[in-house]
Every structure is written in C-alpha cells, then in structure tokens.
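Single chain ahead, by itself, as structure tokens, in the form predicted alone.
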Amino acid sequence: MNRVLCVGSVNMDLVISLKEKAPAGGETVFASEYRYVPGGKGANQAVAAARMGGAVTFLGRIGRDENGKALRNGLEREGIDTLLLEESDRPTGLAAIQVEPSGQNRIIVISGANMTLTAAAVTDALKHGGYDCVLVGLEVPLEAVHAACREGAARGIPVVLDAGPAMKLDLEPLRGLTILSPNESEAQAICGIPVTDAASARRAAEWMAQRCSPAFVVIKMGGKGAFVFGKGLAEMIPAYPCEPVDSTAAGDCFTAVLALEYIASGDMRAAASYACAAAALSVTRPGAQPSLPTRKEVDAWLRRGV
C-alpha cells in the first residue's frame, strides 16, 4: 500500500442546486435545494486516494469551529490519518458551489484557516514521514507548495501538483515535480495559451515543461479526456462517456487516481486512462467527496463496458 502525504485545503462546501442557470450580474435565480458537503481540493484528493487504497496522511489547517470538527471526523471515517491536520485561529474554509442542471459548476472559495499552513510544517512532515508520494494543490500558501516540491525532490519522493484553482503561476520554484496537472483554464492562466484541442494542449504542455521540467504535464480536458506530455508521450487519452450530474471534485478525483496509478505501475498512459474512468464515474454523482468512487466501483463500472 503506497503511503501518500496530501498537502492541501479542506473546506465545508455549501452546494446550491440551481433550477436552470447561474445568475448574471444583478439577476436573481431560484434553486431547488442546498446542502453542506465536505470538500476542499486537498481533502477531496485525500479521500479519492484513500478510496483507491492509498494509506493517506492529510496535512492542512482547520478552524476551531463545528465545520472543522465535522471535516476532521469525515476524513477519519475514510481511514485518513489527521495527526497533521491542526487547528488555526481563523475559521474553517468554506466554498459556495452553484451547480446547474447540466452538471456545470461555479465555485467561490473563502480560504480561512487553509492559508495558515506554513512551509515549515510541510518540511517537517516530509522530514519524518517516509512517504511514497506527495499530492499538493494551490488552495494553500504558495510557500507551502514550493516546500512540498523542494523537499519531495530532495528526498526522491514523487510530487504531484494539481494546479488549481486557476492563477498566474511562476513555475520556476516548482522544479522537482513529477506530475504537473492543470485543467484547460488553469493551463491558460499559467501560460496564456487557450487550450481547446490536442494541438493547443501540446503547445501549453511544452511551454510549462520548459519552465519547471516535470516528468509529465497532464492537462485535464473534461469531456475530451486528458492530454499527456512527457517521456516520449504527447497524446490525448480519451474520456469515458457518461451522463453528468455534478462535475465538482472530478479534477481532484482524476489527479489523485492518476498519482496512485502511476506510482504503482510506472505506466502513465494506463494511469491517465484509469483516472479518466474514475473522474467520469464521479461526475455522475452529486457533491464533492460523496461523488468519489472506490477502486471496486471503478472496476465494476469499466466491466459493464461504458
């Protein structure tokens, strides 16, 4: 069983199911329901990795509030080690998620305690952990992200960065990455190249690879699949057809499964294809963490010939 350190955010998600569409500026629209669901890109990746069979430790920050308690309990129910999930004086992170009937979502994040995670905490965790892989995202301070890349590389531990949410990002401090994985909008925010097809994805991947030299750049492209670039590969891995309900956490699911499969097999093409299957299954279900499948569920879904 691979030991995974997940460095990232943990939020309580307020999920609003819209009746028709998201509001334009100054417009009021109606929703059918709302609910509170555990989320945060880091926690989503941790749960996805745990459900795939990884031995996961979560490094992050929560507030001293009821949301923080609920989120910690939820991670522990998944078998995730929360010893490094410490409390902060700031409130637990919150995300307001609008979901249209098509499954398309819009997300507003209030980072709260997530932004109190320090580079020193990351360095200390990697110094004493003995992990096989590090998963990290951008909903925590960049100093913590840089520390994960630097310290992971120094110890020969593969580091996988889910480059979300979208932001202009200096890639130079990220040298040491094994996998850099943005989606289309995140890739464009980083390199300025609109990613719409395999050709533009390759141009974006080459641009990013030149600046931080990861082993692979894997661009998530939703219903098109994922473009894989590195070690002689430059190809689109096709998506699996599905009926979307809610795309929240699909990218987190993809990155976590990609990391575990690649670490286990060393076969990036196969890892990306399996991650596409897991992400496709996740979008057929509502919510962030509730949508994340187990390995048994993904294997059964694939056997049915989707």
Ligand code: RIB
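The numbering used is simple: start at 1 and walk along the sequence shown. As the structure is a prediction and not an experimental result, all values here were calculated from the model.
The same protein also exists as the form predicted together with alpha-D-ribofuranose; that form is not shown, yet it is the one meant from here on.
Contact with alpha-D-ribofuranose in the predicted complex, judged as any non-hydrogen atom within 4.5 angstroms, is confined among 192-200, 95-103, 77-85, 223-231 to 95-103. Proximity to alpha-D-ribofuranose in the predicted complex, defined as a heavy atom within 4.5 Å, singles out one entry of Leu171, Ala125, Ile157, Val109, which is Val109. Proximity of Thr255 to alpha-D-ribofuranose in the predicted complex: non-hydrogen atoms within 4.5 Å are absent; the residue sits far from the partner. Taking non-hydrogen atoms only, Ser282 never approaches alpha-D-ribofuranose to within 4.5 angstroms in the predicted complex. For the chain shown alone, Gly60 is not a contact residue for alpha-D-ribofuranose in the predicted complex, no non-hydrogen atom being within 4.5 angstroms. When contacts are judged by a 4.5 Å heavy atom cut-off, Leu292 does not count as touching alpha-D-ribofuranose in the predicted complex. Contacts between stretch 242-261 and alpha-D-ribofuranose, counted in the predicted complex as any heavy atom lying within 4.5 Å, involve Thr248, Ala249, Asp252, listed in sequence order.
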